[in-house]
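We begin with a single chain expressed as structure tokens, specifically the form predicted on its own.
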């Protein structure tokens, strides 16, 4: 190992990073403006129930997305559950297995069967060519997931849904601030659900939103997230407590004010990663279509073991030993998590691309907590792991 390369911690050297470099470390925005908003909330003594910050956050989101309704909720999982119920989905719903487990759970929680469909290996999104074979008389809908903020094959999915009279909605947890065909995500299907969890590029501490251009659907959603109340004492619909509270609304407004800055930082980092990974065999960085708007939040690579010299899981261990907390999204796939692996033990036979991608993907740190220097050092570690793969493998096997 030459003097220009870092010593690898798995070979007995100290880790390259003294402090952990995380995937999904939160973006904060203007701290003073946030604290001023929190102070205003305390002064008004209006902490929840559609207060001033949440109302303004909704208005601002609608303006950014160009949608009629973008209803704040306490988190995206509740958002998915409410949207699914408001649409009247039942029976079976087709979804990818290559997604965060909440997409499947939002269905199963309501005793709706998630039917896992394979993905397009080039996009990591639902493969429309695989959907029609899964449609049965019990199928009521399709949920596409805009994985990494890269839009699904929206038009083919819409054509299939229309041809079979199915509901179509999208899990847009990754895709706030992204566009498709020049139109912002939030305008497609019957509804789209965003996540504003702390790990997302734009966060409300914890939260989400349901976007729709359907007035009747929006009215049902508003009833459902507030126990079904219409007015002070009149419950007209079954509901739950899905409201966003005021502190989250304040954080959302503060995040929106810094949204362009967050995106600019993410975009610059993405280009830095592209340069630092360039020429490393077996490391393929997923790119974004820069003719469209993107939040550039996710730095996703596929690791080709034959070319790189190590399996993705071995590189994962190397980087974590160096305090680079990369993630194996969405490992091992929803179909291999409980309860689905018990229900469908052979599902993997119908999901070859999902299983392949689940074994190759690594997500790298991004956001305002990461610097260009951090990215260069991460690249050095990856390059050294490739160049000394046999010694690295022996060290990993001995630990």
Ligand SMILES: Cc1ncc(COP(=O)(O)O)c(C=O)c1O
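Numbering follows the first chain given and starts at 1. Values in this document were obtained by computation on a predicted structure and should not be read as measured data.
Beyond what is shown, the protein has a form predicted in complex with the ligand; the following relates to that form.
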Task: 4.5 Å heavy atom contact, residue 243 and the ligand in the predicted bound form - done: no
Open item on the list: Considering non-hydrogen atoms and a 4.5 Å limit, does the ligand approach residue 80 in the predicted bound form?
Closed with: yes
Open item on the list: With a cut-off of 4.5 Å between heavy atoms, is residue 76 one of the residues that contacts the ligand in the predicted bound form?
Closed with: yes
Open item on the list: Would you classify residue 145 as touching the ligand in the predicted bound form, given a 4.5 Å non-hydrogen atom cut-off?
Closed with: yes
- [ ] Let me know the one among 178, 253, 265, 102 whose heavy atoms come within 4.5 Å of the ligand in the predicted bound form, would you?
- [x] 102
TODO: Name the residue from 299, 169, 173, 210 that puts a heavy atom within 4.5 Å of the ligand in the predicted bound form.
DONE: 173
Task: Contact segment among 151-159, 222-230, 122-130, 190-198, judged by heavy atoms lying within 4.5 Å of the ligand in the predicted bound form - done: 190-198
